[in-house]
Structure formats: structure tokens, C-alpha cells
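Okay, here we've got a single chain as C-alpha cells, the form predicted alone, with questions on binding and movement later.
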């Protein structure tokens, strides 16, 4: 399952896996794919350095990348306290009432709730990059589109290609003009922040829009047959995220959440602004329902919503309050019905890819 891009980056298979878990990213790289560690949950540079040290020790010299979250425009001089002050008291009260309605306990004394802010803040994201550039990272990806021009230039000086996610051909074209090297065409089916165009439609449109840049297809890909379809549409590989959530190497921190993922069907997700303030596909829960239009005060824009609900989500996960318990995940969750190792997932993907090619060759042969 090699393409020009996977060969260029030193991967055996054109499987690019985004994950917040170092153990998953390292296992994917060892299995011949390309693990990409998500940095958004690292609030402190020393935590990211610790896990990149671990990656170095467990990837056996195989390539890996890092995914950050930062806007193209610089946002300097804004502190977390400044943003906190923008949250209306009515929204805080609504969250308190929701938690009380489901009897969600407080966090243990001294335990702080989850990540408090994403890498859109210059101080966080740039601190992550200062750490990352000390390591032999082979790819830098940005989940919010093109990073600032100086970040692209810095990565290129170190020989690191830069990837950016796009939900429309116009969005992808802007990435090309900004100097991005690889575009990830993320379809409507994908987990997390996503647009409104399905992968089957979006991928060939993005391929045409950014030619000759390589494109990775994302969204609704969890089998070798789906990977083959993505390559047939012109992509040079697949960007997979959701499928790793139920691997044995993943650390969701909640058996209840793993059980919900294993039991979920493709129709059990929803694009909701409940988590971050931007539309993000996730498990549908009583929590997402409570932020639907017409319910309560409605979600705040990013990053206010993320700050508003950070501790609430930590409490829900810490105490496994199942009606409210969810996570970002794509529609491929309907196929994630067993816990397997990363290696087993990769083996299944390669076998499915070979089956798809054999089927197409038989069809071509009969013609």
C-alpha cells in the first residue's frame, strides 16, 4: 500500500494515523504506517517533551509526525484569564444545572479539569513547536488549516513538510497558496471538527484544486476497501483517526466510554458545537442534545465553549456518567465493534486493500 508520498516520508503503508495517544502513534509507525501525535491536549511543553522522548524510544527509528492546533493569524497578548472573563454567567449557570440534573460529582480535591485551552493561543502552540523541532519529526500537521507563514518557513528550513486539513476545495486552494505541502481532505463523515462535504465528493475536488500537491483522504475510512476507494479518487493515502480509539493501545481512561464506542452505530454521531464551539462530529449524548438549537443558551464560539465545558467534561469522564459520556468520533464508529491491537487493525486494512484490488482486477479482466 505504498504511494509516492508514503515512500517520500519513509512509511511502508500509505496509512496516516492521527491520535492523541503516544502508544497508538508509535505502534502505527512500527506497523509500517505513519503515526501522527496530536498535541492539543498538552498544556505544558515538558509534558509534550516527555511523550516525544517516549516516542523516540518506541518507534524503532520509524517516521512519525505531530499535529498542532493554531490559526493562520497570530493572536498575541491574550491570556487564558482574558478569555475566561468573556464567558457569560448565564452559560456557567446552565452547565452547573446540567451537571446537577445528572448528579455528576465534583472532581477530587486538588484535581484540575482536563485541558483548559487549545493550541490556538500563540503561547501554547508555539511552545509545542519549540519542543517538536528538537525531535526528528517527519511531518507537521495543523488541524485549523494553514499555520502562520513563519511556522511554515521554520518547518521547511528543517526539511519538515507541512500538512493542513481542508473541508472544501476553496479551503484547500488557500492552503496551496500559503505554501502547504500536503492537504488532508476531511469529509463530513470524519470525527472532530469537520465541514459539510462528504469524503467521496470532497477528495477528487481537492485533488483537482491543489494539483500537483499530494492529498490525503479523511472521513469514513476504516477498511482496506475504503482506502482503495480513496486512492482511486486520487488521494495518496488515508488520514485515519477514529479507528484507533478502540485499539488496545488507546488510553481513553474510561471503560464505559470504550463500551459506548463498541456498541455505537454509524448513525449514533452528531455534528455539534457542544465541545469546542465549532461543529465537531462526536457521539450523540444527553450532553450534545442539551446544546442543540432551541435548548438552553446555546454554545459559545471557539474557544469560549471549550473553556466553559472543560471541567464539566472532566467530571463526566472521571465519574463515567454514561448518559453524558462522549468523545469526538466519526461515522466509521459503526464498524469499530471489537478491541484490537494497532497491528491487527493495520493487518486488516492491508488485507482489505488487497481484496479490493483483486476484485477490481477481475472486473477489468472481464472487460
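What you see is a predicted model, and the numbers here were worked out from it, not measured in a lab. Positions refer to the first chain, counted from 1.
Quick note: we don't show the form predicted together with another copy of the chain, though the next part is all about it.
Between another copy of the chain and the residues 134, 251, 111, 196, the one pair within 4.5 Å by heavy atoms in the predicted complex involves 196. Interface residue among 286, 83, 200, 213, judged by heavy atoms within 4.5 Å of another copy of the chain in the predicted complex: 200.
Contact with another copy of the chain in the predicted complex, defined as any heavy atom within 4.5 Å, is confined among 88 to 96, 137 to 145, 259 to 267, 101 to 109 to 259 to 267. For a residue to qualify, one of its non-hydrogen atoms must sit within 4.5 Å of another copy of the chain in the predicted complex; none of 66, 128 and 303 qualifies. Using a 4.5 angstroms limit between non-hydrogen atoms, residue 353 touches another copy of the chain in the predicted complex. Shown alone here, residue 3 lies within 4.5 Å of another copy of the chain in the predicted complex, counting heavy atoms only. Among residues of the shown chain, residue 188 is one whose heavy atoms approach another copy of the chain to within 4.5 Å in the predicted complex.
Contact check for residue 226: a heavy atom falls within 4.5 Å of another copy of the chain in the predicted complex. Residues are counted as partner-facing when one of their heavy atoms sits within 4.5 Å of another copy of the chain in the predicted complex; in 246 to 260 not one qualifies.
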